[in-house]
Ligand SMILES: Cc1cc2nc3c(=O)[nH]c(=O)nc-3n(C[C@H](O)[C@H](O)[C@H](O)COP(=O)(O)OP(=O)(O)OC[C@H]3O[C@@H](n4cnc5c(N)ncnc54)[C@H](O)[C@@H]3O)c2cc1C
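Below sits a lone chain in structure tokens, taken as the form predicted on its own.
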């Protein structure tokens, strides 16, 4: 019997990992820096600060990797969700080029951390950006030429025809831009690996320690949890969508995104992907997929209401069958969702409030590599090497509308983009 639907449960990532748990905060700690949020950005920040001999405390409201960092598609990519054109228009060619180079370094940083610290997260290289429509194909050709000619990025190759269909067993795609330097991995195991290395470097890690208040205390900050306090010279907010609660601004919005995982396919895995690569399409509402342990992981669909839809696994199964109708008799064994933060222009939003509160947010679904790099850049900035971190502060951001219009206006905009995907 084919199971068309399964309840939302722990993700396949949770089912294939072994956690080390960290104690809640139950006392008072004096620190140089308090990092709030135990995703990739927070764990990388804690790691790179500890390596510079800062006394660091990381507070996570639930469990390490509980949010978007441990639930994503696991695609380790250069670039930004907004695209280079947005950055060029805002910042000019020189700064846009520097930001591109930082994103390429971000992928290299993550892979180096995995190699150096033997983080077992199933790292595999190869990503394909797939064109559905003729205009997608044109856009990908333009992107390939720009990145090659202007950015000296030479790992992109256009795949078409029989070669494409030998890699992806689907008639849905007409071409794909393949990047041999991009990668994919088990995002939860990667996040847990980062926090393990941070802990070994001296960072103090506390799970189940939700921050309930932040107060100024002379030249320090007092961070309170339910059962403990941290006094710190500086704070770094890496709490994903919960930054909204802690920052006096509304430049990010919470968005729910969804994934499913099939049963183990065994020899049938080649009916979907003959090569172990990650794929995402060119629509605004993106479908993305890859194989992991002989299962097909398929993600897509979003909810901009701020609430997850319990029926989205049915919807995702239908989207999967549009790509791979030959898997109509395959069971879905896992279905899950995650909340990510998006900025208005889909560009990352890094900065500081006053001199002692930093924040990292707005990764907009493109944060696995960049969040790792953001932690390194922030550590550099705190060590008075702020030039690269400050490039991000020059990106212009607008706040989302507030009050009762906040969610309806965003959902109206998304209806427009969905209609455009159909054209």
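Numbering follows the first chain given and starts at 1. Not measured: the values here are computed from a predicted model.
This next part talks about the form predicted together with the ligand, which is not shown.
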property: Heavy atom within 4.5 Å of the ligand in the predicted complex - the one residue of 339, 95, 285, 132 that qualifies; result: 339
property: Contact assignment for the ligand in the predicted complex, among 128, 192, 238, 296, heavy atom within 4.5 Å; result: 238
property: Contact segment among 46-54, 360-368, 25-33, 375-383, judged by heavy atoms lying within 4.5 Å of the ligand in the predicted complex; result: 360-368
property: Interface membership of residue 114, the ligand in the predicted complex, 4.5 Å heavy atom rule; result: no
property: Heavy atom of residue 254 within 4.5 Å of the ligand in the predicted complex; result: no
property: Distance check, residue 246 to the ligand in the predicted complex, heavy atom within 4.5 Å; result: yes
property: Contact test in the predicted complex: residue 73 vs the ligand, heavy atoms, 4.5 Å; result: yes
property: Residues within 4.5 Å of the ligand in the predicted complex, restricted to 27-48 and counted by heavy atom; result: 36, 37, 38, 39, 40, 41, 42
